[in-house]
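Presented below, as structure tokens, is a lone chain in the form predicted alone.
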């Protein structure tokens, strides 16, 4: 009984940490324009639209955060094996991973922008200096909270995977949650605010992203203000629920049917969410219908 109570407490704490991680991850990636929406940012100069949007995407968010979280977990695990304090080990691992993220962002932005020089896209040094540090700050929060989740799983829950392996699993899940949930807010609702809601992106508008903010040219920091209000919380809720339901079913049902109880509970949860998703989609289509020209 005591193990279940401790497990429930860890589940609640991990879910809260995951919510913070998801919000920070999506805000970081959208400020840096990483993931699917970046294709339009990359295309804009080629269509004659120069901009001040940071452009650091080399890979999608899932593999990127898999690398950073796994690196932080690996360094923390090595320090823990040397007898270092757990909090200090996790902080040092996160700092190293954040530095790698900053190097990755800088070289990606400079390299991608250099490839667009023939289209007249300049490198803005003020954007490079200001946005890189902001993305690193958000990346630190996302990586740190995820590593703490992995540490709780390995030490308190007693997960059979080592810390670096847990970093691979949950780093990939974190990046996938932000990419699938938060990107639409940035890609469709922010980059194409000049298009009618629900219209999608017409071929004629490809690359013609919104480049001006309320005062002057729009920068990636402006995108961060928007993402922190909408895409970030949505991604945090998504990743938080993933972690919460994953740990919840494990803690409560792992002791039944030789471990199969947790598997069955997971399958039931998936079915329930499939039914809910289908109902919400059907309700939305019936109430809003297809997009039509006014």
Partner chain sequence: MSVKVEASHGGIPHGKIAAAGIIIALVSLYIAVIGHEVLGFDYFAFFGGIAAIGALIWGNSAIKRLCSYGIGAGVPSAGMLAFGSGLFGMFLGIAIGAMTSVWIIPVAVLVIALITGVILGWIANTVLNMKIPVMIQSLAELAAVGALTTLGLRTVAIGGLELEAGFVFVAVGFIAVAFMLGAIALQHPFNACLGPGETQDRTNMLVIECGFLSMIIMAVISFVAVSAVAGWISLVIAIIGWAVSYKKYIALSKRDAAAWLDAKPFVDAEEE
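Numbering follows the first chain given and starts at 1. None of these values were measured; they are calculated from a predicted model.
Absent from the display: the form predicted together with its partner chain. The rest refers to it.
S.K.: I need to confirm a contact call. Of 152, 141, 168, 221, which residue comes within 4.5 Å of its partner chain in the model of the complex, counting heavy atoms only?
M.R.: Selected option: 168.
S.K.: Which of 193, 125, 85, 133 has a heavy atom within 4.5 Å of its partner chain in the model of the complex?
M.R.: If I apply the 4.5 Å criterion carefully, the residue I get is 125.
S.K.: Report whether the minimum heavy atom distance between residue 51 and its partner chain in the model of the complex is within 4.5 Å.
M.R.: Result yes; residue 51 sits at the interface with its partner chain in the model of the complex.
S.K.: Find out whether any non-hydrogen atom of residue 121 is located within 4.5 angstroms of its partner chain in the model of the complex, and reply yes or no.
M.R.: Yes, residue 121 lies within 4.5 Å of its partner chain in the model of the complex.
S.K.: Considering only heavy atoms, tell me if residue 252 and its partner chain come within 4.5 Å of each other in the model of the complex.
M.R.: Answer no; every heavy atom of residue 252 is more than 4.5 Å from its partner chain in the model of the complex.
S.K.: Residue 58 versus its partner chain, in the model of the complex: is there a non-hydrogen atom within 4.5 Å?
M.R.: Judged by the heavy-atom cut-off of 4.5 Å, residue 58 is in contact with its partner chain in the model of the complex.
S.K.: Suppose contact means a heavy atom within 4.5 Å; in the model of the complex, does that hold for all of 9, 41 and 229 with its partner chain?
M.R.: No.
S.K.: Just to make sure I understand: among 92 to 109, which residues lie within 4.5 Å of its partner chain in the model of the complex, judging by heavy atoms?
M.R.: Sequence-ordered list: 96, 100, 103, 104, 106, 107, 108.
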